[in-house]
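Before any questions on binding or motion, here is one chain by itself as structure tokens, the form predicted alone.
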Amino acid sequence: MSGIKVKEPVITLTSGPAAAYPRVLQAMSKPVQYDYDPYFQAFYEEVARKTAKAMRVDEPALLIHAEPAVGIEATAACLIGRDDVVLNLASGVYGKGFGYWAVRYCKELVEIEVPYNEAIDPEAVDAAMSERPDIKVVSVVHHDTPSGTVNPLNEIGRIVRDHDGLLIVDAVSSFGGMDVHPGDCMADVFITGPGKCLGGPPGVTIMAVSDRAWDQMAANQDGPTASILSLTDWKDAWSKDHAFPFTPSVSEVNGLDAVIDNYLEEGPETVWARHDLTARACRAGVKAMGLELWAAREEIAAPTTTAVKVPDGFEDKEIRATARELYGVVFSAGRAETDGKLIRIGHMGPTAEPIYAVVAISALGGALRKLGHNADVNAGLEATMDVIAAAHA
């Protein structure tokens, strides 16, 4: 141990884990109940039903008691059979990453990959599935956070359903921050979590699973059982009349209850609108400072993460470290192929408020100027505040 204590940041504007609402943190401090106590079993069912209401599905939500990466990997293990052909749509690091799980279980992996500042073209999906009618499963990440881009999910979903495919959707960093729901995109497995746009802790996975997907899993003789990766073990665990296969994360369920109450009480449309406004204001400031967005086109830039190209001659680590040192503001780095190429500013949950766009532009621009870049911080702030003012005109 060096003995050097790193100061806690003042404001975290990352693409996840995001800040949690005080109401959620307070809920997580409630007593940890025995999971087989009738009170907790009834409470768990209530939370599962309430979460389904937020996702706009009829069946109670499937809750997996680990962060969403576990739910995504479990989906690959449970849904994909040894005779299945899988089409993986890779528009970013996480989209590409699902293919590494899928290839363990499928007969063949087919991939559509685009540059990581681009989005998937639905027509390419249609062409691939027309050429390969044996494609059974299609996987897509709605918002790939290492790129800050979004895919046209509803259009892709309709095409997959027209070809009778099963669609896996990773909506971990989009649900709760934009208008995306399992029914609208015809997802068969829709995966999200509370640790990003919903403003909760990252330790639980929220899922909606269609009857078609459950039938596929039931027929998959290679699917795991008695395993942390088994979705079928948890299929009926939402009901107070069924046992839990493993001990659920009681504190996380308490937190999720507050997360969903928060979301429904504020109103989903209102929540989406403030995410969108914060991102638009931030993007305007970025451009006005003389910087470039990472997304090839602004229409595919996510309302929950703004990715900014690192200016030539500068290093992302140095920019982020300077913003943290001078202003106490933390930004995200890229990941894998985007590492070192961009800086990500998160607009999620509590930080999806317009004032944090002002903070982000101040800290990013100020850090760049400290390092010798001629970022026009005043122009950036003026552009940011103009967007905010226009929204309230």
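Residue numbers here begin at 1 and follow the sequence given. Note that this is a predicted model, so its numbers are computed, not measured.
Not pictured, yet referred to below: the form predicted in complex with a further copy of the same chain.
Proximity to a further copy of the same chain in the predicted complex holds for all of E67, V359 and D386, with the criterion being a heavy atom within 4.5 Å.
In the predicted complex, a further copy of the same chain sits beyond 4.5 Å of every heavy atom of D188. At least one heavy atom of W101 is located within 4.5 Å of a further copy of the same chain in the predicted complex. In the predicted complex, at least one heavy atom of E325 sits within 4.5 Å of a further copy of the same chain. Although the partner is absent here, N378 lies within 4.5 Å of a further copy of the same chain in the predicted complex, judged by heavy atoms. Note on the partner interface in the predicted complex: the residue among S239, S130, S227, N154 having a heavy atom within 4.5 angstroms of a further copy of the same chain is S227.
Although a further copy of the same chain is not shown here, in the predicted complex the stretch 235-255 places heavy atoms of F244, P245, F246, T247, P248, S249, V250, S251, E252 within 4.5 Å of it, in sequence order.
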